[in-house]
Every structure is written in structure tokens, then in C-alpha cells.
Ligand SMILES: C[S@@+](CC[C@H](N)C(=O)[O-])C[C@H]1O[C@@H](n2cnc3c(N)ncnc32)[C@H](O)[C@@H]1O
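The form predicted alone is given below as one chain in C-alpha cells.
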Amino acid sequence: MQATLSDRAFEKISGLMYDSIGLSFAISKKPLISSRLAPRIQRLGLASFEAYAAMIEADEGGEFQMAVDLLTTNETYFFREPAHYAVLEETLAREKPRSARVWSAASSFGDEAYSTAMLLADMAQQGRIGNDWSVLGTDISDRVLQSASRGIFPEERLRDTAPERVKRYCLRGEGESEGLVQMSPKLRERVRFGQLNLCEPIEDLGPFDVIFLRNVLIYFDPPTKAAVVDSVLTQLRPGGLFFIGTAEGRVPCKTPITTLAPGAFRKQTAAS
């Protein structure tokens, strides 16, 4: 018999997530928490959500991190929200920078970081930007970061990627690995990954020329959203590009930014 998520257990689990990493789950998210955690609870042989809440509070066997993974990992794929990549390409082509540093601040399995790397590699090869470019991907989940570092993806995740790019930058699996692709070494050497909690003070990672903070703000309440955005923007150089998910609404922040397109912004310079 499957355990039932009581209001008390929901409050306990959501409270732990908020206090530890700033994730905010309204009561309307109770079915989501139930559906995401129930299989895990059953696999562990626990009798209730209350028992699981106690387990993640004690972080037995790193279970808190597992709960974070289960509650925050969404479907992702290469070149998601292509209008953002169009803005990025148009801006870089116009400015022709000699170097470009990009931060994928909620990188998950790395689809966004490697998509950006493909675009930058193409532009550098065409002489539209300098050859000094790099991409940093960070996430709170060590599990997804380990996967991202390996750079192996189901081929289906590249469904919106131009076939010629797949041919240039991906190695197709054979035999047992059929249906999988791995990012080429020349691409992976330009992309690095590291663990980071966006709700904690951010050390000096930048300055970056471009920051992606897409599809993560939905997990935060308004005060946390504003704090996270302003904190992240300290790492973006004046005039740099900033992207959030188009469905995430207006950016809540004190940092002056100019809207370029839905979900696309430029950090204002002193002269703006």
C-alpha cells in the first residue's frame, strides 16, 4: 500500500527544502511532492512520508540530496528556448568580442551548457568571435553534475539541434550505447562544472559576459527570487546578457537591466 502525504509531512518536507536551499513549495505542489517522492519511499521500505522526512532531516546516507534531485529535476534538452540563442548569437556577432565567458547557473544535466558551447565553437571557427571562450555550469545537485561532466545524452535530447552540429560535436554510440551520444573532447574541454547553492553567498566566479538562470526561479518565493537574481547579477559585467525562462515572468531585482526580448536582458552600464 502506497504511503499518503499528510499536511503535516508536507509542511515538514517543504520546510526543510526552504530552510536549507530556498526551494519554496506552495500547498498546490503537494501532489507533485507526493508523486516525486512516493516511489523513493517505497524503494527504501519506509512506511510513511513522516519517516522519510525524518530521514532527510538527518540526511542519512545523503538522502537529502536525493530528495532535492527528485523534486527539482525537470525535462531538459538542447537549444531549449531557441529565441535566447538567437539573441546571444546576434549580440555576439555584432560586438565581435575577443573572449566570451558564459555561466549556466542552473545547469542540470548540462544540455544548456553544451548547447551554448556548440554555438560559441561555431562562431569562433567562423571568426565571428575570438577563440578565447569558456562555459561554466553549476547546479546544487552533485548527481546531475557528474552526469553533465561525462557529456553523454540520449540522442532524443538533441532533437532541436541542427544535424550538422550533431555531426560536428557529438560521437554516436554503437552496440549497447546505441541511441546515446557523447559530446566531443574538443567541446568538453571548454566546459566545466561545479556545485553551487544559489541561495548562499556567491564567491567571485565572474565577471561573465553571459549568464543563463533559466527555469530555476519557479522554485523560489518572491523574496528569494529577488535575492538570487541580484546575487547572480553581481557576477555579470555591465553590458552583459542575462537570460531567465520565458515563462518565469518579470525579473525581480534591484540591479538595473534592460529588456531585449522575453526572458532576455542586458545589464545596464553606468552610462545607460
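Every value quoted in this text rests on a predicted model; they were computed, and no experiment measured them. When you see a residue number, it is the position in the sequence shown, counting from 1.
The following text describes the form predicted together with this ligand, which does not appear among the structures shown.
Partner-proximal stretch of 159 to 167, 115 to 123, 139 to 147, 176 to 184 relative to this ligand in the predicted complex, 4.5 angstroms, heavy atom: Contact-bearing stretch, as computed: 139 to 147.
Residue (of A67, V216, L233, I41) lying close to this ligand in the predicted complex, criterion heavy atoms within 4.5 Å: Here the answer is residue option V216.
Sole residue of C199, A83, I152, L171 within 4.5 Å of this ligand in the predicted complex, by heavy atom: The residue from C199, A83, I152, L171 that makes the contact is C199.
Full three-residue contact with this ligand in the predicted complex, heavy atom 4.5 Å, for E90, F265 and Q268: So, no: the whole triplet misses this ligand.
4.5 angstroms heavy atom contact with this ligand in the predicted complex for I21: Contact with this ligand, yes.
Close approach of S134 to this ligand in the predicted complex, 4.5 Å, heavy atom: S134 lies outside the contact set for this ligand.
Residue contact check: F49 to this ligand in the predicted complex, 4.5 Å heavy atom: F49 lies outside the contact set for this ligand.
E75, heavy atom within 4.5 angstroms of this ligand in the predicted complex: E75: contacts this ligand in the predicted complex.
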